[in-house]
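Let's start with one chain on its own, the form predicted alone, as structure tokens.
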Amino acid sequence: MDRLVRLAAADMGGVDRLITERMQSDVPVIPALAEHLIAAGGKRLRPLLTVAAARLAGSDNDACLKLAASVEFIHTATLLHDDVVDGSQLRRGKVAAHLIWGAAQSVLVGDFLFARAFELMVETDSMKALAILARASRVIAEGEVLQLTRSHDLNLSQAIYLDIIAAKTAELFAAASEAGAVSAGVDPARSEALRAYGLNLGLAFQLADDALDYGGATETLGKNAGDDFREGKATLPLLLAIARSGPREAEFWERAIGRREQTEADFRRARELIIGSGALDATLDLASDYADKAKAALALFPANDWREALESLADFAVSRRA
């Protein structure tokens, strides 16, 4: 994604300044906790999408910057909440905030960042952008609750799982892209095309992330490899491996995921079964299909540096190692 980062460098400098300015508070724990996660870096993919979509759509002003900062605040808020719900130990290679400040403060600072996001949206005077990002916030919450209620369900269908990640992850990618397009004042067909790009990119990104949990290494992931397994999350590589398992493996999956009675050796065995069954490759193949759909959605736009960078980003979403 280096090409996109270079193209958007000046814009993202403005977004970062907004983020730093708006995460401040007279309550000291709020900026300290927020900075712990925000300063850890991350790829800033979602605000990058907002900026890139606006520039591809022809914007030549800074209207997209506040929307991009809003998107990053929404994303950061959901990460703070997710880590509490999941009991995660690491986030972006650092100790999860709830282990330092406690669950209550992490949740409340997440709420503060949501509020800051909506303040920034209102300042843009765009009801369309506000509606897009408000809807995304609601859909993300629905996706999180749906995942929580079905997280240990070994009978979860692929269709339902895709519904979960479409809501939980891909919706913010879609909204970030669509909001950028709207800030440029494009016609509905082009804003919808950029929404489709973001949605398919988000699906590809999440499926690759699911695969990395079993095929990646802790040193490059910024989180512990196997976290999804240890938390009992029924992600697609796991679901495909279970569907391809015999009776002996079925008993292992029921104990380790269904009842979460895990030993130290279980993750290694799970990884062997997932890779050996072809479930990992099948997940990455599906991610590639969505990346291709994302690139196809850009056909409405003229070939230029921004379009080529967004096409490359779709390829990166599948090929990345972290």
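A residue's number is simply how far along the shown sequence it sits, counting from 1. Quantities reported herein were computed from a predicted structural model and do not represent experimental measurements.
Just so it is clear, the following notes concern the form predicted in complex with a further copy of the same chain, a form of the same protein that is not shown.
Taken together, 114, 135 and 144 are fully in contact with a further copy of the same chain in the predicted complex: each brings a heavy atom within 4.5 Å.
For the residues 85, 154, 225, 166, the 4.5 Å heavy atom test against a further copy of the same chain in the predicted complex is passed only by 85. Note on the partner interface in the predicted complex: the residue among 160, 90, 107, 196 having a heavy atom within 4.5 angstroms of a further copy of the same chain is 107. Only one listed stretch (242-250, 227-235, 174-182, 146-154) carries heavy atoms within 4.5 Å of a further copy of the same chain in the predicted complex, and that stretch is 146-154.
Using a 4.5 Å cutoff between non-hydrogen atoms, residue 187 does not count as a contact of a further copy of the same chain in the predicted complex. In the predicted complex, a further copy of the same chain stays beyond 4.5 Å of every heavy atom belonging to residue 264.
When contacts are judged by a 4.5 Å heavy atom cut-off, residue 296 does not count as touching a further copy of the same chain in the predicted complex. With a 4.5 Å cutoff on heavy atoms, residue 282 does not count as touching a further copy of the same chain in the predicted complex; it lies far away.
Contacts between stretch 9-28 and a further copy of the same chain, counted in the predicted complex as any heavy atom lying within 4.5 Å, involve 25, 26, 27, listed in sequence order.
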